[in-house]
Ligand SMILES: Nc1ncnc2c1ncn2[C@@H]1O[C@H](COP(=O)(O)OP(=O)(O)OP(=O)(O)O)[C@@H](O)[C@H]1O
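The form predicted alone is given below as one chain in structure tokens.
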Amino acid sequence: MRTIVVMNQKGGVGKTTTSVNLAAGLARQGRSVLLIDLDPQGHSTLHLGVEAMGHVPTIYDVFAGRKTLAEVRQLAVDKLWVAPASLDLAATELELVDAADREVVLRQSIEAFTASQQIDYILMDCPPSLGVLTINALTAAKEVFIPLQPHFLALQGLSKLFETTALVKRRLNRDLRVTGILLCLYETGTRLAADITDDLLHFLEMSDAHAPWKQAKLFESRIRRNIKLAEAPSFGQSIFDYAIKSSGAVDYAALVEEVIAAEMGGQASATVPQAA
């Protein structure tokens, strides 16, 4: 089983889009996937057309100790379950502030879940902040994927993400490491995108050998700007269900192929759709 956090404290960089479409793409390849929505805005939940209204249990109930992950998850599509989020989750930051072991609530819930459930991937879509929800995710996971827009200011914010993962690795989770960086909203043929890519590769190459991001891979897949990716959430569908032949589907299928290749020691098996 792989446990992966998708995080960036900057909003609008493709974090939720990546969480949803990576999860959906893995499910299409026969992997069983649980997507945990840790953003009080509930965008991953909405993106997959999952209900989180009224008395529907959500991930907030897991943090509050009222429900288990198995009890709150909902089947979105074949092989893909979502632990939904709602605005109630925003209260978690305050409710856990003085709680003992507040950083490990999610880890304990995942350990209990996987003790009785077969699952191949657990993906966690974090809020655009580095608060207690994100720390819980980092404490529960073994891998971090960072979606990044190829802009200078986005690159500057990367150092804060790396500092946070290093702190969590040192104090809470020795197994944590940054394994993937994904360039989203990519504009092919621009000098800026190429320069940011080169700077990022140089930074990773020059990093300290013991840094949790030293072995991070800059995914070869580039998620290009694509209007279909922006439209899909309003239909409650992943890009694969909404526009399978779009460039967005092609790009995320390529990402899925890379992720599976790492799982299988380099032997990829995903089928990449052709762009229209």
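Predicted model only: the values in this text are computed from it and were never measured. Residue positions are given as counts along the sequence shown, with the first one as 1.
We do not show the form predicted in complex with this ligand, though everything after this point is about it.
Quick one: is residue 229 in contact with this ligand in the model of the complex, heavy atoms, 4.5 Å cut-off?
Output for residue 229 is yes: heavy atoms within 4.5 Å of this ligand.
Considering only heavy atoms, tell me if residue 245 and this ligand come within 4.5 Å of each other in the model of the complex.
So residue 245 does not count as contacting this ligand.
Looking at the partner-bound form in the model of the complex, is residue 260 within 4.5 Å of this ligand by any heavy atom?
Output for residue 260 is no: heavy atoms all beyond 4.5 Å of this ligand.
Is residue 128 one of the residues lying within 4.5 Å of this ligand in the model of the complex, judged by heavy atom distances?
Contact check for residue 128: yes, within 4.5 Å of this ligand in the model of the complex.
With the partner left out here, if you bring back this ligand in the model of the complex, are 10, 41 and 224 all within 4.5 Å of it by some heavy atom?
Affirmative, all three are within 4.5 Å.
Pick from 132, 181, 168, 185: which has a non-hydrogen atom within 4.5 Å of this ligand in the model of the complex?
Of the listed residues, the single hit is 185.
In the model of the complex, which of the stretches 229 to 237, 25 to 33, 211 to 219, 57 to 65 has residues with heavy atoms within 4.5 Å of this ligand?
Contact-bearing stretch, as computed: 229 to 237.
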